[in-house]
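Just one chain follows, in the form predicted on its own, and it is written as structure tokens.
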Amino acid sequence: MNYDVMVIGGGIAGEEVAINLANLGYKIIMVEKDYSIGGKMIHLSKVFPTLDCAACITTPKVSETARHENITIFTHSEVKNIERISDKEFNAELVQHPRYVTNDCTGCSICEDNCPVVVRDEYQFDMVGRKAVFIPFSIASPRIAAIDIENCILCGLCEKVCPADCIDFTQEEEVSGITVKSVVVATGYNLFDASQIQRFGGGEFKNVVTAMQMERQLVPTRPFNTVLRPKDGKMPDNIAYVLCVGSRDKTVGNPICSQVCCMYSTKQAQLLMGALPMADVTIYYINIRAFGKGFNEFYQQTGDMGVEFIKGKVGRITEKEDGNLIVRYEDIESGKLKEAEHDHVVLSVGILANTDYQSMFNNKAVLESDPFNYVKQTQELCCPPKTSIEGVFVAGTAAGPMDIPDSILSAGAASAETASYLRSVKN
């Protein structure tokens, strides 16, 4: 298989790069490890500071990417052993993992309805269950079912009820070689695991959730009808946000700011004021970093709506018998230790580097990392997309923490540099 560019990652940055280059006539192969393209943005409710619908922005982008004649997409797949074989070409191995469902699947969900196995749904961040055979989410692309073979009990019900005869348990991993002229790394980021900071009770207290779990309760495809406390299903009256969980913290190995936590927490606070008009919302922060266009106005507007901002460093969260939570914090302005009771706490977790790219290149072509494990930008000021390997470029949060507009801007720069490189190679 021969292509001009391999885009690794099907999130908003990868899609932007692929579409830009495909519109110039280049042949693109997009490799996404998940069952669907769309990345993390497709799971969000709204974007800050405009509160535009996130799915309304990213779904047309997903559709355009999937239907473009110059873009070939491989989902549930990985890239290995990327190697430069000449001044003009790279070789790589494409590993396609089995879905155990053929591409003829119509997405009717009959198999899902009849499956007897229920496990936690990672696309709803473990708040509800899904079946062992499942369609990842309602607007997945491609909308093809997949079988979680690790949890499947091989009862055969899905195979019996499938009207299109798409279930295929004989599928095996396929490895094929590909040749490309350039590579764009758009592998995105990972969320910080809140359970690493045990004093906050993440993963231990049911009414302590992460920001992404709260985000999923605010989207139209939410798991519940409204925002609920996980422990007892009650609507919360007093919600607290704890900022900088896993960011600006050397003890957990992430001393840098994640750049998005302040504003996504502020956004969620506004959305909660609409979803739960009688609820009180408090945000505990160290510093508010509202650096983008309209960000500071958005922050001030949130305070005017009644959200309480407390400049304080949270030290510990404990749970009462009724499920309410005691937040113990240092009030920075007064210098005193204080406690406050809330019935629901949201941990605003930071973002970490996705280090998958480190295993994609063989020993002859090592892609360098920066001190925080993001892809190193060798010419950060004059040419940010360039990496330590000529012909390999980086886009989006694979290069460092950034919000959605900056990710799209980064992708635009990466596609421009890639096109320039391809023209130089051709000549």
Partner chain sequence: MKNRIGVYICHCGSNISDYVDVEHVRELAEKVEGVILAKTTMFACADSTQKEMIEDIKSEKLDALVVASCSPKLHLETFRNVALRAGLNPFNYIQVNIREQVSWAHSDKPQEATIKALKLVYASIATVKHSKALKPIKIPSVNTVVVVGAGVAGMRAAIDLADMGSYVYIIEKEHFVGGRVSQWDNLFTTGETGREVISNIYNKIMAYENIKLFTGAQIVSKAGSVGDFNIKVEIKPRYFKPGAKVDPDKLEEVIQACPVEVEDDFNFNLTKRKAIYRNYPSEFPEIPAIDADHCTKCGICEEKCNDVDFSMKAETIEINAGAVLVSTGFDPYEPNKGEFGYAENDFVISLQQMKRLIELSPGELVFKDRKIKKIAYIYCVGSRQSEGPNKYCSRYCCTSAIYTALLLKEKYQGIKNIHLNRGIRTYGKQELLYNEASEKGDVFLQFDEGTPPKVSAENGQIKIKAEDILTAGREIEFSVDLVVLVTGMVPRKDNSIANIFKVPIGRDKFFNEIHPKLRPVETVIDGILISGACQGPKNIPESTNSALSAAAKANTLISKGDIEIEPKLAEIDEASCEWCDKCQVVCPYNAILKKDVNGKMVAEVNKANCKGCGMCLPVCESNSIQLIGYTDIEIESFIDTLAMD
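Positions refer to the first chain, counted from 1. In this text the structure is predicted, and so the values were computed from the model without any measurement.
Just so it is clear, the following notes concern the form predicted in complex with its partner chain, a form of the same protein that is not shown.
- Contact annotation: A66 falls within 4.5 Å of its partner chain in the predicted bound form, judged by heavy atom distances.
- In the predicted bound form, D232 stays away from its partner chain, with no heavy atom inside 4.5 Å.
- In the predicted bound form, N362 stays away from its partner chain, with no heavy atom inside 4.5 Å.
- Among residues of the shown chain, N70 is not one whose heavy atoms approach its partner chain to within 4.5 Å in the predicted bound form.
- Note on the partner interface in the predicted bound form: the residue among I139, C152, I178, V227 having a heavy atom within 4.5 angstroms of its partner chain is I139.
- Proximity to its partner chain in the predicted bound form, taken as a non-hydrogen atom within 4.5 angstroms, holds for one residue of G203, P236, P223, G292, which is G292.
- Between 115-123, 139-147, 156-164, 190-198, the stretch whose residues reach within 4.5 angstroms of its partner chain in the predicted bound form through a non-hydrogen atom is 139-147.
- Taking its partner chain as it sits in the predicted bound form, the stretch 284-310 comes within 4.5 angstroms of it through a non-hydrogen atom at N287, I288, R289, A290, F291, G292, K293, N296, E297, Y299, Q300.
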